[in-house]
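Here's a solo chain for you in structure tokens, the form predicted alone.
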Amino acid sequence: MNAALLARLRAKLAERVQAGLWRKTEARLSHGTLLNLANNDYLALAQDPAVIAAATEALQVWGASSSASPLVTGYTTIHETLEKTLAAWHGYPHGLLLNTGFAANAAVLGGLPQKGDVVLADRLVHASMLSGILASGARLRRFPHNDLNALELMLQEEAPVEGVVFVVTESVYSMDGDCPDLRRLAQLRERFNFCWILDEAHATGWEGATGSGLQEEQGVRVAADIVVGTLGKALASHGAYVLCHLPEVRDALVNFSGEFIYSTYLAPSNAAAALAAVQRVQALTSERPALHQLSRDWREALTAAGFSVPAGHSPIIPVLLGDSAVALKYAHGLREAGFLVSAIRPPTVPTQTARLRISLRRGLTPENLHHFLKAMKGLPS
């Protein structure tokens, strides 16, 4: 290898080690003994018999791969059915499947805004959104997290802009587990006529009467111009989707998005699993209030034990610890006590906001909470 490149890589990696931010892959067993509070299987559907059966049947019918990009032969009738099912569920007329959530956000935000436009994005939007925005050539302004007063001021300042104004938010934020006021965002959209792009990835399944997300939960269904969602979290599969009101948005992605055009499409078995998961999610309407209460119970118990935890009812609970080394120490101690919890450190989160990220799931018991609290209290800070 080129000596200069090797020296550069070693220096950058050494900096990560020195800062306590070293990352490495760790292979997980199929059936370990740890209680997994780190993944995003919020409704515990990844092992659901109906979801597995649907994927298995699709494997027998379609094989293990789509074997081509979607504009060649990779787009099948089962992909089309899933696309229409997701769109109808959320209340949008048009949808498109993509291979990953990162690809979906990068395609939308890298392809729709352009030079001369301005993008107003929440400070904590996902890295995939920022990647797309920065590639678009549009001017980026970031408003303080969930501060819609600041957003309104920016919208007033940008009112004379000749290009398009985009506003980019999430519904449930992946590292903080909190939510913006979507009703007010919808009102701001009506006043300022911006294009609102909303990522519902972590709300789907957990929020709303039918589980379609926070727009449904907050009573502003279909208010956003474009919704990005994922199949790989509560829907227990793999892939992502984009929903929109206008066919031109879908057509633009199909014709211009490299993320859609140039990759082998997600496997039909993934689409089949997601279809089955949507049906299971819609059938869990009566359970969702209990899921919200589960989140409140864990938050209240952790707060009472002296930990810094925000209020809310999403499945994501951050335990704010500040120091990266402390977060790692807690994660390792919890693993020894039988719990798999992620230590989230910069640059994924802002400096000095390292945390444990607890991902709740359907089926957790009061005994799980009791033992988890006992383990947390027994760890040195």
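Note that the coordinates shown come from a computational prediction; the quantities given were computed from them, not determined experimentally. Residue numbers run from 1 along the displayed sequence.
Not on display, but discussed next: the form predicted in complex with a small molecule.
- By the criterion of a heavy atom within 4.5 Å, H126 is counted among the residues contacting the small molecule in the predicted complex.
- Residue contact with the small molecule in the predicted complex: F307 places no heavy atom within 4.5 Å of it.
- At a distance threshold of 4.5 angstroms between non-hydrogen atoms, T204 is out of contact with the small molecule in the predicted complex.
- For G208, no non-hydrogen atom is located within 4.5 Å of the small molecule in the predicted complex, even though that partner is not displayed.
- Segments offered: 193 to 201, 137 to 145, 291 to 299, 270 to 278. Contacting the small molecule in the predicted complex at heavy atom distances within 4.5 Å is 193 to 201.
- Each of G101, E170 and G239 is positioned with at least one heavy atom within 4.5 Å of the small molecule in the predicted complex.
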